[in-house]
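Below you'll find only one chain, the form predicted alone, shown as structure tokens.
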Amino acid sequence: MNSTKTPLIGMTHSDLVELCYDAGVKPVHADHIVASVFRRYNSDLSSISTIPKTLHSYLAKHISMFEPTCSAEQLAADGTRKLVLQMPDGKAVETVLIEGAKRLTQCISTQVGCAVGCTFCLTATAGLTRNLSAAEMVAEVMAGQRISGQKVSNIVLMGMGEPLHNYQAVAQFLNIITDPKGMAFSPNRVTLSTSGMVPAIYRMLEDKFPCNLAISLNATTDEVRDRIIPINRKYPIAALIQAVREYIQQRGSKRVLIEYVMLAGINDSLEDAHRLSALLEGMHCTINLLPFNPYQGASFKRPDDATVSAFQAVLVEAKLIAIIRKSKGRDISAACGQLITEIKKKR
């Protein structure tokens, strides 16, 4: 990607309208660019036959297009597909396509690596290399749909990285993909997951992020959460839950997703279940129970099915919606907390 040029796939429809004015052509040509690039995933701007030569010349001079190279692709037995995408500077990220009933969900990475340091997450062992740009995140979506040959219906920002550590680029990405005149994803089908960046959650409210919110909670006491999610030392559970309650109050009908990775002997006791029920009492939320996905060298274990079911029963008894999520793509290391590129593995 030429750093002296603006990447087109990092632009909103309104940006493209301004571009047309700058090029001295009618703004309707922004729609032609959107139709070709964002709807048909065409990366060859010179092939767009519905725009004038003047605009072609302007694009060639000022605008760049790039496609990340797919350096590896794996298909799991359950249909989950993992792609390793090489960005123009050689850095690589993983994106995952997850098949469901009448939908295809894509898990998007927002950073190369991650700085949060959750001790149960394989991605955290790589550390943080850099943030991804909005254009690179859009490129993940386009690559996923082009390579799979299927229409992605849902987007989850749950891949490599903490999305709210890359706030501005993520905000731009969300605006691009949910723009009705752009990629036109419904905000109700886009979910951002955070480990608990409390100030950024309030900022999301102010900026009216067009997406759903998921919280990676994973513990019911600060003592445990401090150990497994170090950011809790800065933003403890009480502050996080208060932020979520205010988020729900202001967003009205928006149901927040509470993610709870279950670690055998760490956070999976009936006492934990009762504490979680108390923490979430009266909250408009859905709880995803995610039994830990083991990986080589992990210091945690997956709880047995009986323990997970007993934990869920306590939550259901407390009138909470609690779902035990079956991890998909485990046989290709594409499940929750398992994303890390081969480059980092070798290092």
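Each residue number is its position in the shown sequence, starting from 1. Just so you know, these numbers come straight off a predicted model, no measurement behind them.
Another form, the form predicted together with a small molecule, is not on view; read the next lines as being about it.
Enquirer: Heavy atoms within 4.5 Å of the small molecule in the predicted complex: which stretch in 189 to 197, 267 to 275, 176 to 184, 67 to 75 meets that?
Expert: Looking at the partner contacts, the answer comes out as 189 to 197.
Enquirer: Scan L315, L59, A30, L290 and let me know which has any heavy atom within 4.5 Å of the small molecule in the predicted complex.
Expert: Only one listed residue qualifies here, and that residue is L290.
Enquirer: In the predicted complex, which of the listed residues (V261, I155, V96, V170) lies with a heavy atom within 4.5 Å of the small molecule?
Expert: Filtering the options by heavy-atom distance leaves V261.
Enquirer: Within 4.5 Å, heavy atoms only: does A139 come near the small molecule in the predicted complex?
Expert: Taking the distances in the predicted complex, the answer for A139 is no, it never comes within 4.5 Å of the small molecule.
Enquirer: Would you classify F120 as touching the small molecule in the predicted complex, given a 4.5 Å non-hydrogen atom cut-off?
Expert: It does: once the small molecule is placed as it appears in the predicted complex, F120 has a heavy atom within 4.5 Å of it.
Enquirer: Is G159 close enough to the small molecule in the predicted complex to count, meaning some heavy atom within 4.5 Å?
Expert: Yes - in the predicted complex, heavy atoms of G159 and the small molecule come within 4.5 Å of each other.
Enquirer: Is Y41 close enough to touch the small molecule in the predicted complex, meaning at least one heavy atom pair within 4.5 Å?
Expert: Contact check for Y41: no, nothing within 4.5 Å of the small molecule in the predicted complex.
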